[in-house]
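Taking the form predicted on its own, here's one chain by itself in structure tokens.
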């Protein structure tokens, strides 16, 4: 349309969270993308649709987006991975239900502040199929709502980012009756990360990057469950991640990190092969990661 307003159509990644639009390995610290933005905001999340992007001429630094995309498939929701497996991502998109997504993004000084959301149907069926499974039919039938807010800061070698999100599935009980996939009513998660480019101590304008970082994450994938759901404290997880990110040239990164994970006790009713047939479950464990990535 013009330099301030433009339209995208087809398969695209909506502006939701921090990682979804900027998901290449050179854009985040650690070998793994943040777990909150993997299981709650299922980055990378792309769908077929149309989206309007623009920026305000009256409020400097204010940007916005508003899109209409294909919905989700609740029949593919899997216990322990949130709505992640319900994405169509352009493959076999039925358009039996739709979703709206939008964001407000504000740049001020060295801050980037955003709030975004998603609301859409997840039946993904014809009316006859939905009725037979007792699922709500229509454009926004069997709805899923996701909201998030995040903030980033970057200046003089110091960086900070934080994000909080919630997923609400009001008719999870109907989904469970139809598919027995133990879908929750609500899931929550948040994380905070700080980092510092050590090379900034020696050369202020260096293009190289050696960032020492630490990140804490918490998520609960069955924060609220319907009456026909089963609670499992194993899905209450926290992660403490620390490490180094080295970028010798633009577009290339070398990463080393340590992840310490803590979970709740697994529900014995959901253990098919208990100890000693299966290995014992440890609520805490840690592991090292080493990787090389590039952007293209």
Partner chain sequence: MNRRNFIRSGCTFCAGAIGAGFIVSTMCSCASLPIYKGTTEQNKISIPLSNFKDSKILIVRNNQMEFDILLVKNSETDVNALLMKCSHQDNQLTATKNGLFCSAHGSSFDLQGNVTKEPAMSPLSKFRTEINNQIITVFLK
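Positions refer to the first chain, counted from 1. Since the model is a prediction, treat every value here as computed from it, not as a measurement.
The following text describes the form predicted together with the partner chain, which does not appear among the structures shown.
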| message | Just to confirm the contact call: exactly one of 174 to 182, 67 to 75, 119 to 127, 149 to 157 touches the partner chain in the predicted complex at a 4.5 Å heavy atom cutoff, so which is it? | response | 149 to 157
| Would residue 61 count as a contact of the partner chain in the predicted complex, using a 4.5 angstroms cut-off between non-hydrogen atoms? | yes
| Exercise: residue 295 in contact with the partner chain in the predicted complex, heavy atom 4.5 Å | yes
| query | Any of the heavy atoms of residue 109 lying within 4.5 Å of the partner chain in the predicted complex? | reply | yes
| query | Contact between residue 24 and the partner chain in the predicted complex at 4.5 Å, heavy atoms? | reply | yes
| note | Checked 93, 210, 166, 105 for heavy atoms within 4.5 Å of the partner chain in the predicted complex; positive is 105
